[in-house]
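Here we start with a single chain on its own, the form predicted alone, put down as structure tokens.
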């Protein structure tokens, strides 16, 4: 007889694996479905704010993070044209974890997934959810192996969607598919990432690049390699490919950044690229979590995505998982009726908006400014006279804002 699960989590990134761990700890029978094989590199700025380090300890991987991460992130810099303005990052009010870190997703995601396995979560990898049928409390999820082979039908009470923002929506039988915009828009954002050895960037510095039609960041992660990740609009990418004919999109976009941010040469130095460029998109940051319950509880990028300029993607993934798990666990095992789940969904949405909506909107403002370096350059004299303004901008972005924590009774709570 097929095992009945209390919850199925779709996607084993930081949000999905964290939610699975917390629910399993509370005694839930959890299935975690991930279509990619691990370890795998992923387009990401790789920054973890200090506010999340206590969470990672509570999730059971705190001791494993530090050997794989880069040095403490203590400074931020704005790079625009030929100028670099530096400022201290605000420390978090925790004497044990005052500073954030950078760690590759190939390490972070694998650690969380293995912790979920250790906690008794049933892992389906590489598998994919093909369809969801039924009603809250009595769903049936059809899974298929990534190679198109075996299929499974899992009965579950509750569905948690933690898939990436640029992935297609999860098919739900009896419900119209979520509208997807197939029309190319000039404002579509594409993300690229590569790692470099021998960069001149000093450990602990987090520079943010402003260039026409995009923005990016660079950080030293584990093994002393530098990660350079950036987003660029479709129209700017088109211009970059015209400027650098014959190059692949990522290479042309990188040339565009270097051409418009001449100060980047001082940070890259004699850097040598390690491996291939990764690309993803189009990504469309914003709030995706609606107030109406449609049978899915969404976390991570499936709920809402901030422009990567503030480096809060991992933070929001982890914290939204904690928030949802605390909401669900506080109510006991999942109810077998839609009305009860709809009430829990409304409670979760209210908490989610309180924690993350402002962060997403502020990130959008920062991104729009960064993509217009002629505006940024006009403010550089003021920043050079008072670099503490950069520190304040980082604080506003949520770098040291307390998020939902884990209380002993399993419920989400505020931590300071």
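As the structure is a prediction and not an experimental result, all values here were calculated from the model. Positions refer to the first chain, counted from 1.
Not pictured, yet referred to below: the form predicted together with a small molecule.
- In the model of the complex, the small molecule sits within 4.5 Å of a heavy atom of residue 127.
- Interface residue remark: residue 372 is not counted as part of the site for the small molecule in the model of the complex, having no heavy atom within 4.5 Å.
- Residue contact with the small molecule in the model of the complex: residue 21 places no heavy atom within 4.5 Å of it.
- None of the heavy atoms of residue 254 is located within 4.5 Å of the small molecule in the model of the complex.
- Checking 313-321, 268-276, 233-241, 91-99 against the small molecule in the model of the complex, the stretch whose residues place heavy atoms within 4.5 Å of it is 313-321.
- Contact with the small molecule in the model of the complex, judged by any heavy atom within 4.5 Å, is made by just one of 85, 170, 220, 154: 170.
- Proximity to the small molecule in the model of the complex, defined as a heavy atom within 4.5 Å, holds among 40, 385, 354, 361 only for 40.
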